[in-house]
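Heads up, the chain below is alone and in the form predicted alone; it's given as structure tokens.
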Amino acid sequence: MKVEVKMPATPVLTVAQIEAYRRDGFVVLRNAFDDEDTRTIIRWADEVEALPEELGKQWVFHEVSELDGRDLINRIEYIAPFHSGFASLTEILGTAAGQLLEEEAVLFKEKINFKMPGGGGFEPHQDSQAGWEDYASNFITVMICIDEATLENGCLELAPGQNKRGLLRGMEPLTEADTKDMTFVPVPTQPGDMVLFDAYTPHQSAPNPTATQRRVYYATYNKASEGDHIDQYYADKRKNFPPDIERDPNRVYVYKV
């Protein structure tokens, strides 16, 4: 007998939350998902982590632990085509993204960032620096907290209002000169919390020297009127930064932003 799985409820932004996003370039929704829905999302993340690493399936990237040199999962991308739960979640999150885009949203990319014990951080950057302007004018990224994210294990940090400056630098992290007048605000989150920000909002996170993992799910959307680019985006990325299992051992791959 087939067991029906209850899909998480769709978070909808209030007028005040939309105004906060317009002011800061991001907005934080505490308890966007209730306990039951959060447990479902955590279970889905566990399932994705347990999937075998195979050619032509979800994209798995690794890193070396900064604590003891072990091999760690760093990130898994392109999940929804191979997991029905995350496929449904991308549709659910598109509603809130569409509120900020002020029209229907289409999925551009999605991933789980793992940041396991010993996992590295992310230098200050704008997502648009990765060449996203080739696809659409702006994007909304929706982050769902899977494990508690704290100052100690490298929670997301965002710079309010700095998105209004537009693209600051291309294809490399922001420099000290770029960020000297910025204030990065740490945003600790609990499982089920949601953060939305645009592609020009500078953000960063610290390494994780603790014994606890810090997983977060990111789904990124653009305006439907600007096209559906997910297939082209992953085809382009595959040429320059494919998943580890597809890499040429004689080629050096450099993660830029």
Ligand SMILES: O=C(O)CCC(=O)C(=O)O
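Everything numeric here is computed off the predicted structure, so don't read it as measured data. A residue's number is simply how far along the shown sequence it sits, counting from 1.
The discussion below concerns the form predicted together with this ligand, not included here.
Contact with this ligand in the predicted bound form, defined as a heavy atom within 4.5 Å, holds for exactly one of V216, A45, V28, A32, namely V216. Checking Q58, T220, S205, T189 for any heavy atom within 4.5 Å of this ligand in the predicted bound form turns up a single hit: S205. Partner contact region in the predicted bound form: 107 to 115, out of 107 to 115, 165 to 173, 93 to 101, 79 to 87, criterion any non-hydrogen atom within 4.5 Å of this ligand.
Using a 4.5 angstroms threshold between heavy atoms, L156 counts as touching this ligand in the predicted bound form. With a 4.5 Å cutoff on heavy atoms, F122 counts as touching this ligand in the predicted bound form.
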